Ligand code: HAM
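As structure tokens, one chain now follows by itself in the form predicted alone.
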């Protein structure tokens, strides 16, 4: 009896990043990595799961993430663990556990990887999604806020992403936010009949989140709500003014948004988002802010900090097409026959060692078939070698863009191919390979 075949598909809310899309992600990662290095950030790689209490304490038990969205389970020892829904709390946990602040006053970290939240899947929102995040730990100066915003501004510029806007707000701190929170609560209690169920619940537990509700009736009901920017203490007002002055000095355009509160309890003072109108309802591409109390909340000595998280899926959708094209091979090696393949193999490996992209055929195939494949790959040059060429000591090289063809001495093939490949312009998605065309051109 023939067994029944079962086909599998991905779980709802997760997705594969396929060739064609992955090149776009790589373009973002390359640009971000270079900027992080220029700004003095160092990479940290964090575990996929952590103790559940880390997120309950750090994010806030009254947040939607902790209440409804976390993937939490008991491991075999009975300990409650959670797939990370965000990266800041794990980064601070690692900072404290490994005493990363002992050697310097300010620590700058960045990371990338998957996060997990049980949300209703829709365009731009997944249950497994990917973020690039960064944290500056140890400085409460507004200049740190400006530096982080400048890094992101440069990233959008480097990636040629337009149509995004920086929205900025201040959430105050423990000196001024409690009084504002009470004022806002009293206002919201008078509007309960006009608020959605979520906002009625949040009135008691997390009233600032009501201001961020996208429900039109809730926005109308809170149109004249008191805003925290009008209730800042002198220190928070001064901090906010210095941030906006710093952005103006760098000619970074920002838009005040008094309703911008973010979704996590640990934020204070500066909070920001980069938004776009090109992605529908899921319009936030980057979000972040200052969280000066989180380090102490997680058991460390008090230390101010600020960070951001960038959504890779949304960023990739905004990337111009020319920055996400797969790199074509520099050379296609068309070897005909066993003897020719044996001759070509060391040559192919030598060029690949130097960073050139070289494709070749596996097994026997006609010259016509191999040339057809070379065209499909978009290779810039093709090298043709068969038994006749080896006997004569000559090989054929063809430029597939100009169609010009020439004959080269086989015993000088490596040097001759290097000269031709070194003249190629860099691929639009990658810099010249180390030891490859960039160095040979300089000789």
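Residue numbers count along the first chain shown, from 1. All of these numbers come straight from a predicted model, not from anything done at the bench.
There is another form of the same protein, the form predicted together with this ligand; it is not shown, and what comes next is about it.
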For this session: Name the stretch, out of 130-138, 74-82, 349-357, 97-105, where some heavy atom lies within 4.5 Å of this ligand in the predicted complex.
Result: 130-138
Problem set entry | Site check 25, 37 and 41: each within 4.5 Å of this ligand in the predicted complex by heavy atom | no
Exercise. Residue 86 near this ligand in the predicted complex, any heavy atom under 4.5 Å?
Worked result: yes
Exercise. Do residue 304 and this ligand come within 4.5 Å of each other in the predicted complex, heavy atoms counted?
Worked result: no
For this session: Although this ligand is absent from this view, report whether residue 324 comes within 4.5 Å of it in the predicted complex, heavy atoms only.
Result: no
For this session: State yes or no: in the predicted complex, is some non-hydrogen atom of residue 285 no more than 4.5 angstroms from a non-hydrogen atom of this ligand?
Result: yes
Problem set entry | Listed residue that, although this ligand is not shown, lies within 4.5 Å of it in the predicted complex (heavy atoms), from 343, 180, 126, 112 | 126
For this session: Could you check which residue among 202, 93, 240, 314 gets a heavy atom within 4.5 Å of this ligand in the predicted complex?
Result: 314
For this session: Quick one: name the residues from 107-122 with any non-hydrogen atom within 4.5 angstroms of this ligand in the predicted complex.
Result: 111, 117, 119
